[in-house]
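Just the one chain here, laid out as structure tokens, in the form predicted alone.
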Amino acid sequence: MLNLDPVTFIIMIVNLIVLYILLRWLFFKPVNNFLEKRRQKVHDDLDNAQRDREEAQRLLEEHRQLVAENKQEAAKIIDNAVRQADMRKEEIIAQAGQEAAAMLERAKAEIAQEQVKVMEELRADISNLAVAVAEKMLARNLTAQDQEAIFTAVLEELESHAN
């Protein structure tokens, strides 16, 4: 079957050892170096990813805190604006009330003046009519019909002056 010659067998073993050393020197070391570098790069990338994730988490927390602070600030600004608007509304209402009261007082004063003026004119008219009635009564002796006619004439004259 197989005939193995001891010399051939030793040469084969020496060849295998030389081949192993040669392959190890030419192939295994560079591959091991490459694999070690690759392992180190993956490890570094994982460390970087962990740092980046922690940084992102920190930034997210800062962002959330800023958003919360901005919401609080916005709420304060809105509350302040509402308070100022309410105060301004109250001022405007008070001012309008004062102006309305002043206008009412002026109107009352004007009405009182007009009333006094009308009363004075009415007194003057009544006085003139009384003088006219007295002149007519003194000019003749009056009967009941004459008195009624004078009274009707005075009323008509009053009505004509009132209009």
Partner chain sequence: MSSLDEVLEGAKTVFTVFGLPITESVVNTWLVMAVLIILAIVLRRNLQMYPDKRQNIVEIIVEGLTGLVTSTMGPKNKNFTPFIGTVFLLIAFSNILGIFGLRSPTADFSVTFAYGIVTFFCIHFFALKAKGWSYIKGFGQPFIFLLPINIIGEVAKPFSLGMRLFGNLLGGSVIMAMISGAIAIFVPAVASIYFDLFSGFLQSFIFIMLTMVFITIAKDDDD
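Residue numbers count along the first chain shown, from 1. Note that this is a predicted model, so its numbers are computed, not measured.
Beyond the structure shown, there is the form predicted in complex with its partner chain, which is absent from this document and is the topic of what follows.
Student: Tell me, which of Glu121, Glu36, Asp52, Glu61 has a heavy atom within 4.5 angstroms of its partner chain in the predicted complex?
Tutor: Partner contact (heavy atom, 4.5 Å) among the options: Glu36.
Student: Is the gap between Phe151 and its partner chain in the predicted complex 4.5 Å or less for some heavy atom pair?
Tutor: Although its partner chain is absent here, Phe151 would stay clear of it in the predicted complex, with no heavy atoms inside 4.5 Å.
Student: Give a yes/no on whether His43 approaches its partner chain to within 4.5 Å in the predicted complex, heavy atoms considered.
Tutor: Result no; His43 lies far from its partner chain in the predicted complex.
Student: I'd like to check something about Asn32: if you look in the predicted complex, is any of its heavy atoms closer than or equal to 4.5 Å to a heavy atom of its partner chain?
Tutor: It does: once its partner chain is placed as it appears in the predicted complex, Asn32 has a heavy atom within 4.5 Å of it.
Student: Would you please decide whether Asp5 lies within 4.5 angstroms of its partner chain in the predicted complex, comparing each non-hydrogen atom pair?
Tutor: Close contact exists here: in the predicted complex, Asp5 approaches its partner chain to within 4.5 Å, heavy atoms only.
Student: Hey, of 53 to 61, 112 to 120, 66 to 74, 23 to 31, which bit sits against its partner chain in the predicted complex at 4.5 Å between non-hydrogen atoms?
Tutor: Heavy atoms within 4.5 Å of its partner chain in the predicted complex occur in 23 to 31.
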